[in-house]
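Just so you know, structure 1 and structure 2 below are the same protein chain in two forms, each on its own as structure tokens.
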Structure 1
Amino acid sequence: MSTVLVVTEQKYDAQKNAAISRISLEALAAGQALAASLGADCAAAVLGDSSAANELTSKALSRVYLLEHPLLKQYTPDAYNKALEQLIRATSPAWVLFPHTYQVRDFAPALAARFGQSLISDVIAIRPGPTFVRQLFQGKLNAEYHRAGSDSAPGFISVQAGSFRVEDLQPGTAAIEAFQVELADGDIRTKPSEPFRESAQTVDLAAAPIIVSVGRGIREQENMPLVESLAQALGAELAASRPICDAGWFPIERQVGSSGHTVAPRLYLAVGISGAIQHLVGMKGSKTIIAINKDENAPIFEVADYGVVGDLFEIVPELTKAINSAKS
């Protein structure tokens, strides 16, 4: 029987306990669904930590491969690619599926290349075929991808965060199988240091009940008082998309998104933000989302409860005025 192999990732808590990350559980759900549609098995791979592997023995998986080696304790692309190449050559899966994380972005394209393949990355849906759907132009358009040519090598897929549901992960029983990998110090060309955070936080965006968030639509730093007045009228905390923080108009601690903060306020008011997936993952859990954007096709409207298609330079001042007079 052919196999869909899902390569999982772990998250460590403050006590350094390992657990399978949420997006990896989503990838496992995607892997199970793909396997079911193909009449295939679904297996998982865990690199580094056996405690994380134990967690998967209660899922409907044909096997949980455990790859333990001192050189897999800390992630490097060389160690991961070498270890996974050995596992894939030994087990010949039909498909290899990853969660689309920063770590996977760092090694999986090269792993696919070793098998003469291109990775279909950040997939948001899998349809019969199999057909893989991913975004183009930062979410403005979608595209369907298929494998072409021979399927003598596995197909490589990574799935985007929040696209598959952990609740769909089928329970069952799975056996752990230790897979011996051959790695030597000389295989590792890069030397990683311990992860760190930049500076002390002075705002707690995660605790803010109302957030006014500004994007590149604001155009110039001189225009920022426009949203500052709106935030003040609403008693809101200010946040921003990445380009605003990249430009230094706001400190990075006000950035919402995959490389910034994840927030879920009562109200998230997005002003001139297009709604790229890296931004959406940080705010789509908000209770109410209002978006102001001049482009009716901006992807932010896909998650907004209330939308205004229009020029923020006309709408924001009127809104601030209306809020102030409603309060008085």
Structure 2
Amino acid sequence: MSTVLVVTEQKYDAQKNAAISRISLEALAAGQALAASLGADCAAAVLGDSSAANELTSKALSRVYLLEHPLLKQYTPDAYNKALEQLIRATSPAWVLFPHTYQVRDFAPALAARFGQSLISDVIAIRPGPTFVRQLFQGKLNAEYHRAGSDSAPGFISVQAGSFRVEDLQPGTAAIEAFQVELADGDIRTKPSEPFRESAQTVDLAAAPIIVSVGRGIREQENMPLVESLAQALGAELAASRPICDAGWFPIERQVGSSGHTVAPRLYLAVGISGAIQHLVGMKGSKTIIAINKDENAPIFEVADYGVVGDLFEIVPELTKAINSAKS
């Protein structure tokens, strides 16, 4: 039986404990769906940390390959490419899936080239065929892609954050299989430095279940407490469109859109956001979208599940008041 192999990434907490990243779990859900459509198995690969591999033993996977080596403890493109090339040649998967991250963009195209293939990147949907859908011109067009080249070579794709849901990941049991890789110091052409340490205030918007996002309709920075109170009432994370972050009213790590984060929370509440395509590509995968805008023709209403046409300065305080009242 053919196999779909999903290459996962890890995230680390302040104590340096490893866990599989959320976008990797989304990629696993995509891998399971692709495998089911092809009548294939789905397997996962974890590089460098056995504790993260243990997290996947409760998923419906044929096996979890653990690639451990001192040279894999810190990411380098050379080590990842050589290690994964050895795994892929030994296991011959039909497809190799990745989460679409900065790290994957760094090494995966070169890995695909080793097999005479191209990486179909930033995929938002998988259709029968299989056909892979990705967006062009900041989401204005959808393009369909098929694998080119020999059928004997695996296909390589990466999936966009928020396009597949962790909730769709099928539970099950999977055994960890250690895979021995051959690496030498001479294989590594770069020397990694210490990982970048983000500020303690930085949040992972991609993992937030509820997001309140604000746009230019808020008018002035002094009006921000209005949406902050709403977010606090909902237990939500705050986000913003690009103009708000460009103005310095919110830190850049809270920007949603084509030049910021792609998010897919259970609830996305857009306050005073018109819905330019650059913003929509970052949030239209949200499970439920509520928009508040005074312009009834605002593009945000085209993707919203619920729309409220009106003055946010009247609506938001009343909504916050109603939420707090319901909670008390």
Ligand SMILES: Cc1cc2nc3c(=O)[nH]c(=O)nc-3n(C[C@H](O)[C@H](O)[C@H](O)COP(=O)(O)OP(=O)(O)OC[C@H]3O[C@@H](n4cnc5c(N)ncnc54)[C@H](O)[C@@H]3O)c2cc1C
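Since the model is a prediction, treat every value here as computed from it, not as a measurement. Residue 1 is the first residue of structure 1, and the numbers go on in sequence order from there. Here the rigid core means the biggest group of C-alpha atoms that line up within 1.5 Å when the two forms are laid on top of each other.
K.L.:
Choose between structure 1 and structure 2: indicate the form predicted in complex with the ligand.
P.N.:
Pick structure 1; the other is not the form predicted in complex with the ligand.
K.L.:
Compare the position of the CA of residue 238 between structure 1 and structure 2 after a rigid core fit and state whether the shift reaches 2 Å.
P.N.:
Yes.
K.L.:
Given a core-based superposition, decide whether the C-alpha of residue 253 shifts by 2 Å or more between structure 1 and structure 2.
P.N.:
True for residue 253: a C-alpha shift of 2 Å or more.
K.L.:
Would you tell me if residue 297 moves between structure 1 and structure 2 by 2 Å or more at its C-alpha, with the rigid core held superposed?
P.N.:
Yes, residue 297 moves 2 Å or more.
K.L.:
For residue 275, what C-alpha shift in Å results between structure 1 and structure 2 following superposition on the rigid core?
P.N.:
Its alpha carbon moves by 7.1 Å.
K.L.:
After lining up the core, report the Cα displacement of residue 214 between structure 1 and structure 2 in Å, one decimal place.
P.N.:
The alpha-carbon displacement, core-superposed, is 10.3 Å.
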